[in-house]
Every structure is written in structure tokens, then in C-alpha cells.
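First, one chain by itself: the form predicted on its own, in C-alpha cells.
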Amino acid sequence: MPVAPPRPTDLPLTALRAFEAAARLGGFSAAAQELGVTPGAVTAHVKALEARLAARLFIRGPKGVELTALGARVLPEFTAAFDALGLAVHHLRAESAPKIVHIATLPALAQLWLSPRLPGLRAQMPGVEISITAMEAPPNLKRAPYDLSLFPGREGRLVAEEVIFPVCAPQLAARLTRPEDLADLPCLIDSAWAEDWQDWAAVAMPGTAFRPRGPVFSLYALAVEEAANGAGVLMAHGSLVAGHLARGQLVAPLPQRVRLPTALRLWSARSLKPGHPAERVARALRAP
């Protein structure tokens, strides 16, 4: 009679994914954030995997975890495998729903830069559905279900240069005729781009120990609206306040402008075929 030996049990894919993420990112908390689970869940998956293997993959210490020699040896293969799986899933999604384009971007870019352009994109591409997800950091497009990533950076298609300068409501402009006047005005500070003030002051006010004083905002779009309401002076990103400047809601009284080393860029993890909706969206958004 035919022999049917029991098939060896596979290692759980979820546990392997938890190991790869923790190993690549250097910790269970970072892996949990990427995977959308709790650090305790990542820890449990890794412990279960180590128990199945009867081998340690991490060395636990008071300052975190480190890979064992075994973990370090196998990590590149698992990273390549999960990257390949993620790209295959991207391809499957694109083939099954070719007229849906998912874009990940900063909340401020979604509200102030992308939103005004969506009507034009819809008019250019009838039938194409454009979904926007706002997040604070660029996703790993090899794994995350997005077609395009729009963030300040150094890689990808150039969309707009990052140029910063002070802006305020028209009624405050008379009080801001030189950089030194900022010491007597509230300076609106965005918590994510708090260093913008110092970057600009280093060029516009060299040798001056300038420290901005004023309210802090975690939403850049809210800081822009407060500047337009006359609450103070905001260090603006030119591409994000272009509409407010054009409508006269904000003015830029000072001539000094500083170009940042990063630029607004559009990036995709896979090659976009000419004519594909994602490629058409990317082409429509990039700099002329």
C-alpha cells in the first residue's frame, strides 16, 4: 500500500514576518508599528518561532535586542523574500483593479497641495479612482499597499523644490519689514518642521541668536490657517502656501528665501508602465 508520511509542519508566515521586521528595523516596537500590531504580539511571534526552531534569533538586553549570528545570516534572504512578496501583491492589486491609484503622503501635503489638484486629475482621467492616505512618515512601498509615495526627500521624481520663508496675514505685514522684527511678533511653529525657523535664520540672520517664540501646532494646515487669521508669522513651505498667497490671504513681506536640501518627490517601488493610471497620475503631478 502507498506510504503517506506526515508532512512536516511549516513555520508560521506571521511569525516569520514578525522576525524579519524586528530584525530589519532593530526592535520589536518598530516592527509592531510597521506591521500594525502591538509590541507584545511581535514578541510572542518571535518567541514561538524560536521555540519551533529550538534556536535563538535575538539576544535580549536592557537596551533592546540584537540579532544572533543565525538571525543575521538569514535576515537578507527573508527581507528579499518579503520584498518580492510585497511587489507581487502590488502587481496583483494593479492587475485586478487597474483604475485605482493609492497615494500615501503627509497630512499637510494631502490638505494643501494634493487636494486642490484632485479636480484637475479627475478631469484628465475620468474613471480613475484616486485614494489618498495621510501619514507622518513614508511607507515601505515594497510592503505597503500604495502605488505612489509623495514626501519631502532626495529620491524619486521631482515634484517641487522645498523653499521656506516667513508669511503672515496682510494686517501684520507692516510690522515685518526686516528679519529682526520677528523678535517682536509671535512665531507659529509646526512641531514636525520646528527646525525650519533655525534653518531660515541661519541664512537670513547670520550670527544672530534668534529663537522663535509662539504657539506650537501638530497640524501644519492649522498653523497656515492661524497665520491667515493674524495669529502670527509662520515659516512657510512655498509649495504649500501658494494658494493662500495667490488669494491674498497670506503675504511674504521679507525677500529672504531658503531652499532646503530635500524636495517634494514622488516615488514608486515598481516600474510604472506608460499609460497605467498610476504612471499618468505621477506624470501629471511631477514638476514641469
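Numbering starts at 1 and follows the sequence shown. The term rigid core refers to the maximal set of C-alpha atoms that superpose within 1.5 Å between the two forms. The structure presented is a predicted model; accordingly, all values stated were derived computationally and were not measured.
This next part talks about the form predicted together with the DNA, which is not shown.
Report whether all of Pro179, Gln198 and Pro255 sit within 4.5 Å of the DNA in the predicted complex, measuring from non-hydrogen atoms.
The answer is no: none of the three residues contacts the partner (heavy atom, 4.5 Å cut-off).
Heavy atom within 4.5 Å of the DNA in the predicted complex: which of Ala228, Val37, Ala242, Leu222 fits that? Just give me the one.
By the 4.5 Å heavy-atom cutoff, the listed residue in contact is Val37.
Go through Ala263, Leu49, Val251, Val65 and name the one with a heavy atom inside 4.5 Å of the DNA in the predicted complex.
Here the answer is residue option Val65.
Would you classify Gly238 as touching the DNA in the predicted complex, given a 4.5 Å non-hydrogen atom cut-off?
Contact check for Gly238: no, nothing within 4.5 Å of the DNA in the predicted complex.
Thr14 versus the DNA, in the predicted complex: is there a non-hydrogen atom within 4.5 Å?
Although the DNA is absent here, Thr14 would touch it in the predicted complex, with heavy atoms inside 4.5 Å.
Distance check, Arg247 to the DNA in the predicted complex, heavy atom within 4.5 Å
Residue-level check for Arg247: no, no contact with the DNA.
Taking any heavy atom pair closer than or equal to 4.5 Å as contact, tell me whether Arg60 reaches the DNA in the predicted complex.
Arg60: yes, in contact with the DNA in the predicted complex.
Please check if Gly230 moves between this form and the one not shown, taking a CA shift of 2 Å or more relative to the superposed core as movement.
Moves: no, less than 2 Å.
Once you overlay the rigid core, does the Cα of Ala221 travel 2 Å or further between this form and the one not shown?
Ala221: C-alpha displaced by less than 2 Å between this form and the one not shown.
Is Leu70 displaced by at least 2 Å at its C-alpha between this form and the one not shown when the rigid core is overlaid?
The answer is no; the displacement is under 2 Å.
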